[in-house]
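Before any questions on how it binds or moves, here is one chain, the form predicted on its own, in structure tokens.
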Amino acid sequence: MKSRAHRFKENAAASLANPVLQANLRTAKGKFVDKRAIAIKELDDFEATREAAKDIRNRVLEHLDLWLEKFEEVACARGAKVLWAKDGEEVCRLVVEIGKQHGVKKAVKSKSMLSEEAGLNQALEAAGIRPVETDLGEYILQINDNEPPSHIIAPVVHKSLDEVADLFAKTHKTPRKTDIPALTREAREVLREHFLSAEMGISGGNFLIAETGSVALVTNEGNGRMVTTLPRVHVVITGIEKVIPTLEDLATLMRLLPRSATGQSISNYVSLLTGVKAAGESDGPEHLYFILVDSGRAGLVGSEFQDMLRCIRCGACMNHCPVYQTIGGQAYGWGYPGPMGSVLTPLYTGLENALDLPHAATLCNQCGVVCPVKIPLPDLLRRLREKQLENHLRPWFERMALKAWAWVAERPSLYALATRFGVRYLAWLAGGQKSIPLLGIAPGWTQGRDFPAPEGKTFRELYRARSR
């Protein structure tokens, strides 16, 4: 059975054919883009800050094992326990064991993409532990039959106000509301009981600070602090690449993260959580666990794809991606959509399980230009495409076509002849019109759009005429 990531073309076609989704995507399009453009103007040294952030992340990755050992040493000295998970299955096993050890019946969750990656909710339910998502977007998706998120920072960006209003009225058995403050209040009232009764809180972490043994959590909702301070057990699940050396490094990265993500100078809540509740303190967990997850990350260290581990999960690449803006995030078939997901999913799940994702981009480089830590996303996508060809993971006719094109391109005279023929053929198909409604040799190109007709001569012909 194909994975959802393996069905990208089918998913994308369904998204394009969904009029409600298309209307919602048009409404959301550009909001984060415009806010980011305004927010980065606040920094006189924006490019220098990007370079500094890149250097911080590279410095960690060059000695990742040492920084992780430093974090473990300091965190344990502050009363936490540090556990290591090689994959999502082990994440689920460890969390369930912690839950059973402490008699947990309910766990409230916040800000944890990695738990989505691991399929943690299903494992908790199977073990008799009720998981409750408390981020508003994740909560909406959970009560809507555990629908997967479409964005890493705005998981319900694909839904309209009317859809959420209908869902709340159906689930909560309350009068239908279309006023956003009223809907958020209703969610708070429902979730408050869960905050007060849950024995365990589960969160992710934006960064792990080695010098203090802390986790930094960046949110725009107060639920993150409720999840991490009210329950007697707090479990942090995050990737091993999230560690950074110092609080000063955190300050540098925080100048970029909220601006790149939501266009804010600073998020509403920035929490630095360190150790367990001490004597005389009124809140905080009695037991704190850090589960540091590999799931393919260690294998990227020192490889040609190491740059991808710099990612700080801001979502700027998908906000600016014309492909993501057109089909939404769920078409990508896994927790990480957009350009970052098109690189991460094949690397984490296996290139053979996400064959179309490296091709789910125009390589326009908008993602690379806006990435706050300067990840060369188009280069990584191109390299994944090359590896597919090297490993014979693309269809034979596609491989033969590329070899034929390369053979022709290496012979200038033959290439010139082929381009002249191609231009004439396309002009004939257009029949004097500005576009071609059906491209016979590649009908997929014109299933949802017309193919622009050539305007006349080839580039070589135009250049030759201009040089005379």
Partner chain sequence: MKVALFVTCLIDLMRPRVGFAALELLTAAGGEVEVPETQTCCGQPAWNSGDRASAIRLAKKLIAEFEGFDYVVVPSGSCADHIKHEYPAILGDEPEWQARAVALGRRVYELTDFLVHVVRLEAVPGRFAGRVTYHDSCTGLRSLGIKAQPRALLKRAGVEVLEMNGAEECCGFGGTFSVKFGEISAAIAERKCANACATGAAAIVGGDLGCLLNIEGKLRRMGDETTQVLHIAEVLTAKS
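Numbering follows the first chain given and starts at 1. These figures come from a predicted structure and were not determined experimentally.
One more form of this protein exists, namely the form predicted together with its partner chain; it is left out here, but the text below deals with it.
Although its partner chain is omitted here, in the model of the complex none of H102, Q142 and A198 has a heavy atom within 4.5 Å of it. Considering its partner chain in the model of the complex, the lone stretch of 341 to 349, 120 to 128, 316 to 324, 199 to 207 in range is 316 to 324 [heavy atom distance within 4.5 Å]. Taking non-hydrogen atoms only, A37 never approaches its partner chain to within 4.5 angstroms in the model of the complex. A residue is said to contact a partner when one of its heavy atoms sits within 4.5 Å of a partner heavy atom; C311 fails this definition for its partner chain in the model of the complex, lying far away. Contact check for A442: a non-hydrogen atom falls within 4.5 Å of its partner chain in the model of the complex. Not displayed here, its partner chain is kept clear of S110 by more than 4.5 Å at the level of heavy atoms in the model of the complex. When its partner chain is considered in the model of the complex, only one residue from V132, A361, A261, I98 comes within 4.5 Å through any heavy atom, namely A361. Contacts to its partner chain in the model of the complex (heavy atom within 4.5 Å) from stretch 385 to 411: R385, E386, L389, R394, E398, L402, K403, W405, A406, A409, E410.
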